Structure formats: structure tokens, C-alpha cells
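The chain below stands alone, shown as C-alpha cells; this is the form predicted alone.
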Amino acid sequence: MMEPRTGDRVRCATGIDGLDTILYGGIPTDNTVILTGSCGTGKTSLALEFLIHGALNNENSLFISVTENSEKLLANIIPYRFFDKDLLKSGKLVFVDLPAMYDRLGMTKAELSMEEIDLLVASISSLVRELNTKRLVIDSITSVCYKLKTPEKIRDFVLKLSKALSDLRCTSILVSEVAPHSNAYSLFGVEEAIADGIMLMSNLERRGDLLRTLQVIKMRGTMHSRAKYVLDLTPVGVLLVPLLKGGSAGT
């Protein structure tokens, strides 16, 4: 749900209460945000919840899956109590497999040319326009970057895609993969410098438990907390509580 704030940017409320509190109301509309972290930190689950809440609030939402078949993805997601399969039937929540788009566009080589990058951006933009998409997730942008190879091509792709999505008034999350304990926010070190926001998800070991954490590193267009929060994936959605200095969750 997008709600204006007096004297401030219009917000795209994620529907995740703790995250919207951290962001003083939600992600500024039209922003492109990198959601980054290592394996098992809950990136896909959080991104899906962002889309589901959008669809439930009558905002057309699109998930572009780069590596995992969307049917398998849907079968393996957390059984959110608020997820309604009618959202898929109505077209409010749409899943697209990017490899099928590659095949349709004839992008069969291991590395995309600059012309193919333009074609891919145009194809994604056309799909967003056709579906009147207001929320988009690409999971993962890292897998797309493997086909771009060079920092110059990655920068060109992310810049052009971000501008195109912003022009279409689409708020977007690009899922990024990094190695555990990495100090970078993306595998190639390019994406995070261009994006409007960075949300970092991590695994933190404390007293024999492995905690998931979330921290908003930057977000253009809004004030935000930079504290680290413990994240829990539950059937009622993502729950966030502050991480206390001793490493435990606050209540």
C-alpha cells in the first residue's frame, strides 16, 4: 500500500511491520533496492512477502525468477497464512522465469552483448508496462550479472534497468548473493553503488543458535534506522526485533 507522508516521498509500504517502521513508512516509491545476503538468510522469503502484500493491496506484483523454476519456488515457500492462490489466478501476482525470456529473445550465449543488454532491459520494461506492475522482484540479479561478465556491462544494465523501472513508477527489489562474512554488498561490487537502497541480511551465530539478521545500510529518499534486527520467518510473515548488544533479540 502506497501512502503519502506530509512533506516527504510517497512510500511503498512493504507490509512487513518491522521493516516499515525501520524505513519510517516504507520504501520510497520508484526506488530500486538491493536485498543482499548469503545463502539461507531469508532473502527470497522477504522479497515474496513484499510482493504478496502488494498484490493483496491491489498493486500488480511481478516476480522474475532467474535460477529456480517458479513452480518449484511456489511449492517451497513458507506457507504464509495470508497468501491467497487467487492472487495468481487474477494476475495480481505474476511469476516469470527469466531463462524462458532468454530463449525467446535468442540470448543463448554465455555472455550478453551491449545490444542484448538493451534488449533485455526493454523486454523487462515492456512486461512491467503490459502488466501495470507496481512491485517487482528479480531473484537474483547476481545470476543475471554472470551473463554480463564485466563491471562496465553490469553498471550499464543496472543503471538502465533502474531508470526504466523508476520511469514506470515501479518499486523494485533486486536480490543479490554474497559469500558468508563478505564485506561487500554484491558479488561484483558494482550493483550496490548504483541502487537507491541496500538491505543486508546475514546469519549470526550466538550461543549455539544461528540467527537471521537484517540491517538497512542505505535508502535514498527517507531517514531510516541503521541498527541490526533479528529476523524470524513465520507463517504470519517476517518478524523483526532489535538485536541487543549481547547478541540476543529484544522483546
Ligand SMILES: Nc1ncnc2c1ncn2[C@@H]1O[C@H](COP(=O)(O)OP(=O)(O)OP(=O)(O)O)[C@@H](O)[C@H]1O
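All residue numbers are counted from 1 along the displayed sequence. Everything numeric here is computed off the predicted structure, so don't read it as measured data.
The same protein also exists as the form predicted together with the ligand; that form is not shown, yet it is the one meant from here on.
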With a 4.5 Å heavy atom cut-off, would you call residue 202 a contact of the ligand in the model of the complex?
no
Determine whether any heavy atom of residue 39 comes within 4.5 Å of a heavy atom of the ligand in the model of the complex, and answer yes or no.
yes
With the cut-off set at 4.5 Å between non-hydrogen atoms, does residue 65 touch the ligand in the model of the complex?
no
Indicate whether residue 213 is a 4.5 Å heavy atom neighbour of the ligand in the model of the complex.
no
Thinking of the ligand in the model of the complex, which stretch from 187 to 195, 31 to 39, 202 to 210, 54 to 62 has heavy atoms inside 4.5 Å of it?
31 to 39
So which residues in 76 to 104, when you check the ligand in the model of the complex, have a heavy atom no farther than 4.5 Å from it?
80
Would you mind telling me if residue 78 and residue 39 are closer or farther apart in the model of the complex than in the shown form, C-alpha to C-alpha, with a 3 Å or larger change?
farther
Direction of the Cα shift between residue 85 and residue 78 in the model of the complex, where the change is 3 Å or more:
closer
